[in-house]
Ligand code: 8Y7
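Below you'll find only one chain, the form predicted alone, shown as structure tokens.
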């Protein structure tokens, strides 16, 4: 299975890719405000790459529950100076975490190679046509509602079947817009319009999504469902995040998105070595 993102190619099966999170925002739920200064953001990105991050995911708009939308101009002001400097220093691909096609286009022009799109539920095909035109990798994520509404009583008939149906539909729509399958990664969207029981059901069924034939990305790092289940806060959720990452590796997930790169790399490599020696 091949994943292509402009000049980058990843052939699976291979060691799981760890994606390091770089939030250039004042209000992200875990690290908001820490990397608003471009120098701090660049130092953190380079540190994550040195710790083993295979992708750096840059975002200028918080998408936590109830987050206020950010104007396009402000999102660009936050991310472009960092992207322009990072692209000349990193040897790993950069993804742009955005819902806005104009921001994605500017980020790709500044050196990004992947679009991480939480709003793959969109009906407009502008983002898909942009990815097709630029040969960018595209992370297609499931979300019910918007960041402002997604946690207001989300409801499913069968969350696993519903997300699977969404992926099949969006893969077809993306193909109609010109994307090749090799450009696409699937993300079930933990924390994006899911109750605790929905999240646990999706995690338990991750191997079911492997039959769609595309790499899977899981982003659970420090998310609120861990606090609801275990009563932990912020960085206290690191151990539970690692447990989910190790489970994901066993379930066939190829990418893990995380705040804690060094620990996650160690955890997934250990899991891979155990699996390799299973008899």
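Residue numbers count along the first chain shown, from 1. Worth saying up front: this structure is predicted, and the values here are computed from it rather than measured.
There is another form of this protein, the form predicted in complex with this ligand, and it is not shown here; the text below is about that form.
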Is residue 217 near this ligand? Define near as a heavy atom within 4.5 Å, in the model of the complex.
yes
Just checking whether residue 184 would be counted as a contact of this ligand in the model of the complex - the rule being heavy atoms within 4.5 angstroms.
no
Test of understanding: in the model of the complex, would residue 192 fall inside 4.5 Å of this ligand by heavy atoms?
yes
Does the 4.5 Å heavy atom contact test between residue 34 and this ligand in the model of the complex come out positive?
no
Decide yes or no: are 44, 92 and 260 jointly within 4.5 Å of this ligand in the model of the complex, with each residue judged by its heavy atoms?
no
Segment assignment from 115-123, 163-171, 81-89, 201-209: heavy atom within 4.5 Å of this ligand in the model of the complex
115-123
Which residue among 103, 136, 179, 141 has a heavy atom within 4.5 angstroms of this ligand in the model of the complex?
141
